[in-house]
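In structure tokens, one chain follows: the form predicted on its own.
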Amino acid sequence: MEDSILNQGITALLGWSLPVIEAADRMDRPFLVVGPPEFQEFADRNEIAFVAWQFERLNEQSGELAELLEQKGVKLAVPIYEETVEWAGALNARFQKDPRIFNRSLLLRDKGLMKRRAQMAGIKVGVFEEAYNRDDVHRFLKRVNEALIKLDGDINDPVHVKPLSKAGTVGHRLIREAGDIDLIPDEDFPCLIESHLDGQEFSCEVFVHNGKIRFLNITEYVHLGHSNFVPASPELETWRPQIHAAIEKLISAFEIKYGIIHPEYFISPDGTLNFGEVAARIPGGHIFDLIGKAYGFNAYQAQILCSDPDTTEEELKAFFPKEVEDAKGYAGSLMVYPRVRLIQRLNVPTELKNDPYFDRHDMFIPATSKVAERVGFGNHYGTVFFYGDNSARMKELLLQYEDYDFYI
């Protein structure tokens, strides 16, 4: 039996996520998890093949992990979250004997490299620079607003500050004036600073195999970091041909061959697309769960399939439904952030629970009543899920409950 598994090749899931582990367990392929040591006991108790590893910056021990996994018969590494993208690139470069795989993974982790590569490929991006201290941010804010011919007394056009390698919105700050710059913590430098992009923001979840788009989902953001739904409204889906072409250009520019990418764009009323950024891991906002609800396929399994060069055309065609056309409805999520400092109780209104679009919620009373400091959009206190057949009603509900005090 063990020889048979070794011949198939094992998939290594890098990170820790129960939905990913459960999805992989339902597939007809062997896998193991490479995760932080604190999950070892849980893995042993539940008979999950597990390799303990600390995911910090790549170092001289990177080759040690590759050797260990090769001895176990691993042929493929799949990143679960941001900090494992480089590790997957380094491991797959070795497993597939192609050092460029690692180099390409760096483009998807360093926001400065990412922007420059996009710009060199003719992809429309905002003005950007790398900042190494607060003086750099001061100069950039001044230059951007000088270029916009601002007069004394005019409100500054904002700029955005993002740590170069942190995930999603962690450390993302909107800077309008000098006082905002003073609040940037030292540990966020170096960072990327960029001009503000106008237009409707949305993301795409793109499953890529052999350099080709196999499934393209468009997620409509109602309010970034708070609420979104899948598939996008008919109004945004009108631009799908232009969006599809932009994604193909991005895949070509970044030489992406396999796996999932999660780019974010801004679209103006005339259809002009501005590139925001791109990740190569499972997106936030419960988007994979929303895709599953709307389309009926498991997006975590889709990532594993598309990450594997040996997945066949027949397997891919049998797995993916038709975009938009095969969606059974609209699935939305509202991430809830307490607006109190101490939580006393949960307050879910009866009218919400009785609404036909209400699906479920996973809000909870935390063990400690003190609300944790907010970091990006990653530490929300639960999510309200919606499902229905009308995108306008979906958007209305997400907006209606966005400012509701679920925690009092």
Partner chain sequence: MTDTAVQAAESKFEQALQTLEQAKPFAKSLYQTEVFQRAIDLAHTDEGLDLLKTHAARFDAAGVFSGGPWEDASKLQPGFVGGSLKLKGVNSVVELMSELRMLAIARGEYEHPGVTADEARTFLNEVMALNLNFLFPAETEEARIESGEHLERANRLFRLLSRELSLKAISRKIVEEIDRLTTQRPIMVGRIVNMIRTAEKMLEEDIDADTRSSLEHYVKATGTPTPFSERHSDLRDYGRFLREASEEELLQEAEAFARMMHSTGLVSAYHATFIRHANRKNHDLIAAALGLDDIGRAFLDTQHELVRDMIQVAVTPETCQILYGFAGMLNRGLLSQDALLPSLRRLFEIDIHPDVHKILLSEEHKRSGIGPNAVLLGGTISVLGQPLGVGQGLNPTCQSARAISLWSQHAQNQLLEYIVRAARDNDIDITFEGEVIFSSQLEGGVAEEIHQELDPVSKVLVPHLDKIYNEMMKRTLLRLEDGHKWVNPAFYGEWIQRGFINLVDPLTGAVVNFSAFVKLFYATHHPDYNNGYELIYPNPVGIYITNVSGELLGLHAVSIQRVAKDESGEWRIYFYNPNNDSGQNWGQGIEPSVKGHGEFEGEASLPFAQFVARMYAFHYNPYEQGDTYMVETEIVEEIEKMARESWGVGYTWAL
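This structure is a prediction, so every number in the text was calculated from the model and none was measured. Residue numbers count along the first chain shown, from 1.
As for the form predicted together with the partner chain, it is not shown, yet the points below apply to it.
This chain is drawn without the partner chain; in the model of the complex, the residue among Asp362, Glu56, Asp44, Glu67 with a heavy atom within 4.5 Å of it is Asp362. The putative spot formed by Leu32, Lys72 and Glu187 is not touched by the partner chain in the model of the complex; no residue has a non-hydrogen atom within 4.5 angstroms of it. Although the partner is absent from this view, Arg26 contacts the partner chain in the model of the complex, with a non-hydrogen atom inside 4.5 angstroms. Of the heavy atoms in Ile21, some are within 4.5 Å of the partner chain in the model of the complex. At the 4.5 Å threshold, heavy atoms of Arg339 stay clear of the partner chain in the model of the complex, well away from it.
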